[in-house]
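Below sits a lone chain in structure tokens, taken as the form predicted on its own.
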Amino acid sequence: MTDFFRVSNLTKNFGGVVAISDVSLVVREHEILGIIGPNGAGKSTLLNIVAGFYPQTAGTVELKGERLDGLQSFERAHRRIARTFQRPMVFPNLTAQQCVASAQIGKRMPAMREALFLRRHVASDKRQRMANAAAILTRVGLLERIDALASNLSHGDQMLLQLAVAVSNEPELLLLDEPASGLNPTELEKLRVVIQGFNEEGVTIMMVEHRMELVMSLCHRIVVLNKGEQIAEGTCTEIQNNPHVIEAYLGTRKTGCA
């Protein structure tokens, strides 16, 4: 695996509150990197900086050697970075298929001037986006709910739909913020298979997650944050046996390492 994504000496202050302090990490190409730590550790803040929602106070962010500092979230999306959230962010009055198709508009719709004169092209483009959406919903196991309103889906299916929306533009770096939040064991296993499938297809993933059974079964390496500081980095086994991690977060030695 080669270095694909890097943050160096990253710091984020909110007024007098230091949310992240001097964090440095590397995500290798085609890797799943887990980010764990107690509540308030700075994990979601880190993802928000990577996605371009927050500017960093200090430090650098690089994707494939390109500095992303100063780029807005839509500019990072154009560089094929996508993000999910702890609560499902879907359009409640759209069907599952429409939710996924609408996320592709920025990539696939023609310019306004072109659209005015090329209605056939627009209609063809819409059909293609809907077909693409159906294919993505198949991959996340939601084909049977393709025509269901997002608001009528269960919480677990809404989390899968959010993931389908995130991958609709074929991201190279996928940021997952507690994707297993609120899932039961059956839904958790379904999610695990879906995430593993995207990774095996070449998607590089940074995953913030509290469900340690998911982290330990999927992640190639793990970074641990506590109170905004990076306290450990290593393989699953190394993290499980790190006394600083046990004291700050795990409590006891965990089993189930992939």
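These numbers come from a predicted model, not from an experiment. Residues carry their position along the shown sequence, with the first being 1.
Here the subject shifts to the form predicted together with a small molecule, a form of this protein not shown in this document.
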Taking 4.5 angstroms as the cut-off for heavy atoms, does F53 touch the small molecule in the predicted complex? no
Contact with the small molecule in the predicted complex for P38, defined as at least one heavy atom pair within 4.5 Å: yes or no? yes
Check V23 for me: does it contact the small molecule in the predicted complex (non-hydrogen atoms, 4.5 angstroms)? no
G42: heavy atom within 4.5 Å of the small molecule in the predicted complex? yes
Heavy atom within 4.5 Å of the small molecule in the predicted complex, from candidates L10, A19, C236, V245, belongs to A19
Which of these stretches, 190-198, 43-51, 26-34, 214-222, has heavy atoms within 4.5 Å of the small molecule in the predicted complex? 43-51
